[in-house]
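The chain below stands alone, shown as structure tokens; this is the form predicted on its own.
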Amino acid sequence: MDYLADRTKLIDASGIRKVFALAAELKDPVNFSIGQPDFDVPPAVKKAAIKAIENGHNHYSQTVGTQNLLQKIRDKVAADYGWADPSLLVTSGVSGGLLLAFMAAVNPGDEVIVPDPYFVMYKHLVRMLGGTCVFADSYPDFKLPVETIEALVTKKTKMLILNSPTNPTGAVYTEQEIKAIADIARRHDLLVISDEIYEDFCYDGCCASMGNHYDGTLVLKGYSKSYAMTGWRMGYAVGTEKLKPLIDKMIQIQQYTFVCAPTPFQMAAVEAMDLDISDYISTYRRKRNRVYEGIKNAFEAVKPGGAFYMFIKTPDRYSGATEFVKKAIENNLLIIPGNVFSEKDTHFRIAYTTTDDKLDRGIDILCRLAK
């Protein structure tokens, strides 16, 4: 008997995790594969988590989250969007928020428009729930493909997913592009999910948010990247009164899945939201510049405006990104082929979340392979 549900055949092991596993097998590899900061959780946040554990905050919180963190988020949302009484849920990371949102919103047969390239989770979660991802090509410059998106809207379109700054390209969508998409969403009454996990990593100005322009936007934010809390699984989902029915259902689904976000880390997240992380962002701006200047003469690459990724075109002498990535791994460099994030296999992703010494070693390997 086959004990597996049919939906499991729609997914494969994450290409990112496959490369991540290779890191354990190689001796001192240059690891450009995994998207987690190379700095540690700030000391004040660690101390807050330890204090919460020692003070006995080790049990379930309310499903929606602890009151002190909810209030902190409400204050931020009021400042960012002017929403006085938002609907709100603390989630187990932005990934947890994505799963809850898709489970609450996607019916079999629904179409979900996603700019390509895209974060890997979108496609597979939508497919497992019986939906269909419709991809809006954003190559070669990775700008938000407004006209393409409008042309893809059908009677089956339920949702549009935006991610800015983006993974894997590092693109940051402009205010003008966001407004244009808001007009489209409003005309067709679409749900927009705005994945803003990298909101702090904007290097050339502020990041525009769909939440400022369309009340049908579910905004997902988190703490994993900005505070290096990737293993703590902390995020939140927020929307206007219009999305209260959706978020109420997400809360109900959380009761039967995650139950709640980790309680001691909710206490620590309150401390995190008061920290100045501008020095971390400045460091990553320098890393971005270091990598781009190092590879720009050997590769076709768009300088990213945010996050900590670069999506680089594979040299023509290779059959595709998969071949190039295999060659890179043979040279002790871990990178991710573009087909993990895209319907194409023409590019590869690097994450510049490592030391300057490793960045220089990686740049040298990449440039040698390009020749």
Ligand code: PMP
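For every residue, the number given is its place in the sequence shown, counted from 1. Predicted, not measured: the structure shown is a model, and the values here were computed from it.
Same protein, other form: the form predicted in complex with the ligand, not shown, and the subject of what follows.
Report yes if any heavy atom of L98 sits within 4.5 Å of a heavy atom of the ligand in the predicted complex; otherwise report no.
Looking in the predicted complex, residue contacts with the ligand include L98, since a heavy atom lies within 4.5 Å.
Residue-level question: is G93 within 4.5 Å of the ligand in the predicted complex, judged on heavy atoms?
G93: yes, in contact with the ligand in the predicted complex.
Do R286 and the ligand come within 4.5 Å of each other in the predicted complex, heavy atoms counted?
No - in the predicted complex, heavy atoms of R286 and the ligand never come within 4.5 Å of each other.
My question is simply whether R233 lines the interface with the ligand in the predicted complex - judged by any non-hydrogen atom within 4.5 Å.
Judged by the heavy-atom cut-off of 4.5 Å, R233 is in contact with the ligand in the predicted complex.
Using heavy atoms only and a 4.5 Å cut-off, determine which of Y280, F258, F119, Y81 is in contact with the ligand in the predicted complex.
The option sitting close enough to the partner is F119.
Can you pick out, from N163, S209, T157, S87, the residue that has a heavy atom within 4.5 Å of the ligand in the predicted complex?
Contact residue from the list: N163.
Since the chain is shown here on its own, which stretch among 71 to 79, 138 to 146, 218 to 226, 242 to 250 would lie within 4.5 Å of the ligand in the predicted complex, judged by heavy atoms?
Correct option: 218 to 226.
Residues from 336 to 354 in contact with the ligand (non-hydrogen atom within 4.5 Å) in the predicted complex:
None of them.
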